[in-house]
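Single chain ahead, written as structure tokens, the form predicted on its own.
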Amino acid sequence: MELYKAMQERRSIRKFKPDPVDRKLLEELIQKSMWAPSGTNVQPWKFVVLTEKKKEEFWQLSNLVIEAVDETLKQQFSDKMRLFIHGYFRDFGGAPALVVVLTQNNENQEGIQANYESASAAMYNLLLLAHEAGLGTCWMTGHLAVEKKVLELVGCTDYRLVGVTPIGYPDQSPPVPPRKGDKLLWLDK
């Protein structure tokens, strides 16, 4: 698959088949994801995979996440869409696994920013590689609102949360979302 084609065709999946994803495949995808660039080659990321009981424990954070982000959802979405998002936070569309992406903490703000950018590149690599392998994902950031609880649950309290993605075989094929506005600015003079 060509890279640009993968970028165009990858979608945020919100409904998954119950079929488990082979552990070896997940490990391979995550190892490949770690070939992302990182500031001064720190490679500050950590990937935590949750399945079965641990995934269900993670679901218990859902009500806290919904409570934390619901006001923003009310401003951005219809009630129908907001309730759909609530449901998605509760079961991640039935995905058989969750991947929590973390980054190292840092003493200074510039270091924290660099670590987030590096770990975000690794996370995006995972989304593209998963798509290429026939898997679906959905980069979720709502859990940033309960970051401390997420870090406690995964046993990595000295890290920072980048995002969460369910991962599994898609049971939907979402339409292509439109691109929003003019996002390119040239400054020649």
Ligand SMILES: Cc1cc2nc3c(=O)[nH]c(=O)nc-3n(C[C@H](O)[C@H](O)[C@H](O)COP(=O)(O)O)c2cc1C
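Don't overthink the numbering: it's just position in the shown sequence, from 1. Everything numeric in this text was worked out from a predicted model, so none of it was measured.
The discussion below concerns the form predicted together with the ligand, not included here.
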ask   = Among Phe89, Gly142 and Pro177, does every residue place a heavy atom within 4.5 Å of the ligand in the predicted bound form?
value = yes
Partner-free chain; cross-checking the ligand in the predicted bound form, the single residue of Cys138, Ala122, Val48, Leu29 with a heavy atom within 4.5 Å is Cys138
Discussion item. Arg11 versus the ligand, in the predicted bound form: is there a non-hydrogen atom within 4.5 Å?
Written reply: yes
